[in-house]
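Okay, so here's just one chain, in structure tokens, the form predicted on its own.
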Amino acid sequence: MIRQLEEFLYPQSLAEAVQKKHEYGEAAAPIAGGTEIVPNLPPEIRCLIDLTRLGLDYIEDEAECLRIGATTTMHQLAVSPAVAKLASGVLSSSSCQGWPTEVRNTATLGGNLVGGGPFADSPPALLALDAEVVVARLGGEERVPIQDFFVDYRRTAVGQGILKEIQIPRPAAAARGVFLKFGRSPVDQALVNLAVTMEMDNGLCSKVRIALGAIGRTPQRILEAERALLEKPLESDVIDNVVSIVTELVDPVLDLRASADYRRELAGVLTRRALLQIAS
């Protein structure tokens, strides 16, 4: 890895980091925890831009949203009281569940997103929370809805910019959420992961979000399943219908760890479990 690098930059400002990223283009990569890029450094990378000295490891609880800096670690997310308040702690639960302490103390939320890996755990939770990302670019900052951030397999909308922070609009106090992950072991990548959030109004579902990861090339919301829950009670026949929609609509990937049919079945199982947890 070291031999291919021409430069390892410790920028003094985010603007300097963005300028260097623009100079190198696709041959430059930001780095913070390094758990994503160090083991799998692409051969074309010639410059690493260290972001750990730019003060982007913050969780700021504001009136209308929660702002999380890109270099905030998974451990910081997992233990933050402010993050735990978001829809029953759905994002807290997605913060590297079961991973070794050393990884949780090093891996960052920004790295989990910018890597664009389809098996990452935090993207479904952020999709279910209607998050936005803030990308620093040469011409200023750009806000990108999280559903538009994941372009394709390991490709995101960050482009030649640098991810600065994630903003999560404050859900209603009564909003409920669940994150579930199924893997071969607690430290393994998910075979399927899922996040569900919703609000209840007089026993009926409103503002429903159902997001799945480790299914396709990018994490995705299942919009038809969300619509099937609107203004409905969380009763067994309604849940059965939603599970049926999810299993019909997902188009799972096939790899050495699981077949497409197995992932499709898991998607339905996790959806049912999540809805039953919220109902209880």
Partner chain sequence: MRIELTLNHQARVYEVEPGTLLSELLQTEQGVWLEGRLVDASRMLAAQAHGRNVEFKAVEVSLPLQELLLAPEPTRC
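Remember, it's a predicted structure, so these values are computed and weren't measured experimentally. Positions refer to the first chain, counted from 1.
This protein has a second form, the form predicted in complex with the partner chain, left out of what is shown; the following refers to that one.
- Contact with the partner chain in the predicted complex, defined as a heavy atom within 4.5 Å, is made by all three of G33, V38 and T73.
- Proximity to the partner chain in the predicted complex, defined as a heavy atom within 4.5 Å, holds among R227, R67, R53, R217 only for R53.
- This chain appears without its partner; in the predicted complex, the one residue of S206, Q147, N105, Q189 with a heavy atom within 4.5 Å of the partner chain is N105.
- The closest non-hydrogen atom of I239 lies beyond 4.5 Å of the partner chain in the predicted complex.
- For Y10, a non-hydrogen atom is located within 4.5 Å of the partner chain in the predicted complex, even though that partner is not displayed.
- Taking the partner from the other structure, the partner chain in the predicted complex has a heavy atom within 4.5 Å of a heavy atom of L5.
- In the predicted complex, at least one heavy atom of T101 sits within 4.5 Å of the partner chain.
- Considering the partner chain in the predicted complex, the lone stretch of 245-253, 217-225, 58-66, 44-52 in range is 44-52 [heavy atom distance within 4.5 Å].
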